[in-house]
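First, one chain by itself: the form predicted on its own, in structure tokens.
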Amino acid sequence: MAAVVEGMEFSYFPGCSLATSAKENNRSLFKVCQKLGVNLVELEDWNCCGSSSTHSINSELAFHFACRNLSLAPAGRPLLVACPSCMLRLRQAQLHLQEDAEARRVYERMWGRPVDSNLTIIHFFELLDNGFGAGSNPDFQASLKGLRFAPYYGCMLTRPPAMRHEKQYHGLMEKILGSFGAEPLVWGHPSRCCGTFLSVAKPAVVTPMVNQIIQGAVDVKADCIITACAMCHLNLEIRCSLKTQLPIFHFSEILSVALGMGIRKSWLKRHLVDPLPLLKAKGFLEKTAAG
């Protein structure tokens, strides 16, 4: 994708997590996009992408869930997605439609329109993968100075074999946040599975997985973990049983601080591990804004 240009407009699919449990991720993402001059137009009447347990219990239903969302996307405008799981489901559905004529016929019959073969589906990271950073924002080159963070991408961005040639964007958080003065740490679990929706069905299975991830970040003396996935963020906060825990931030929240917009108090209230002591210690508290 070409570099972001002020005034660019994207359709936007938030997905269930960003619309509910991770509203602070959604709101901070909008703030960052506004700062970049990008206009997000949320899909009207979108539905679940078919993730959670749907794709393993009824793969056909999950496929139709994703297809309905694709059918809502207006022609001529890229579709932006922030959740790695949603991205995976929508792109897999699009790939199946491209390869299967019968699937296209069913799609057209169900949704009353032909498959948009020109629809571009992009991840939020793709907006930032063309020179974005402190180099293009020189006023903020030290805005995150002193912050030691463990970048956590989760497993969804690694994709299944059928999508192995697509970009994974691992390293992007380190590159961008490092340009603003933060210190990315090398650690052992940047792509370790958080347990995803097993957190609901089998929390006893997920807690040891999450504890291992958190302990890995503690061991490298990270101040915090920064996530690429709202579901991962939720699991890391609710399923950790360690005595020592770390603040968990959405990537978009830290970008908001980096770009001088601060971090909203309403976002912080939604965090289960209090990030205020860290923000105060690093001098970021004065950048905290009301609302």
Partner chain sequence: MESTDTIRIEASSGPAHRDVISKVVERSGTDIRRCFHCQSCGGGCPVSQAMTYRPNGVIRLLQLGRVQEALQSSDIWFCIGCNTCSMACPQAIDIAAFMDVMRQIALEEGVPPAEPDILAFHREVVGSIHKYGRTHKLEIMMRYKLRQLDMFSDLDLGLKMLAKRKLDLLPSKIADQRVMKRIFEVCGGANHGGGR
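Note that the structure is a prediction, hence the values are computed from the model and not measured. Numbering follows the first chain given and starts at 1.
Unshown form predicted together with its partner chain; subsequent notes refer to it.
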* 4.5 Å heavy atom contact, His64 to its partner chain in the predicted complex -> yes
So, in the predicted complex, is Cys193 in contact with its partner chain at a 4.5 angstroms heavy atom limit? yes
At 4.5 Å between heavy atoms, is Leu234 in contact with its partner chain in the predicted complex?
yes
Original post:
Is Pro114 close enough to its partner chain in the predicted complex to count, meaning some heavy atom within 4.5 Å?
Top reply: no
Only one of 254-262, 220-228, 48-56, 31-39 has residues with a heavy atom within 4.5 Å of its partner chain in the predicted complex, and that stretch is 48-56
Triple contact flag Ser17, Arg68 and Cys155 to its partner chain in the predicted complex, non-hydrogen atom at 4.5 angstroms:
yes
In this chain shown alone, the residue from Ile122, Leu95, Val200, Ala103 with a heavy atom within 4.5 Å of its partner chain in the predicted complex is Val200
Partner-free chain; cross-checking its partner chain in the predicted complex, the single residue of Val81, Leu177, Leu88, Ile214 with a heavy atom within 4.5 Å is Leu88
Near its partner chain in the predicted complex, with a heavy atom at 4.5 Å or closer, the residues from 263-281 are Lys269, Arg270, His271, Leu272
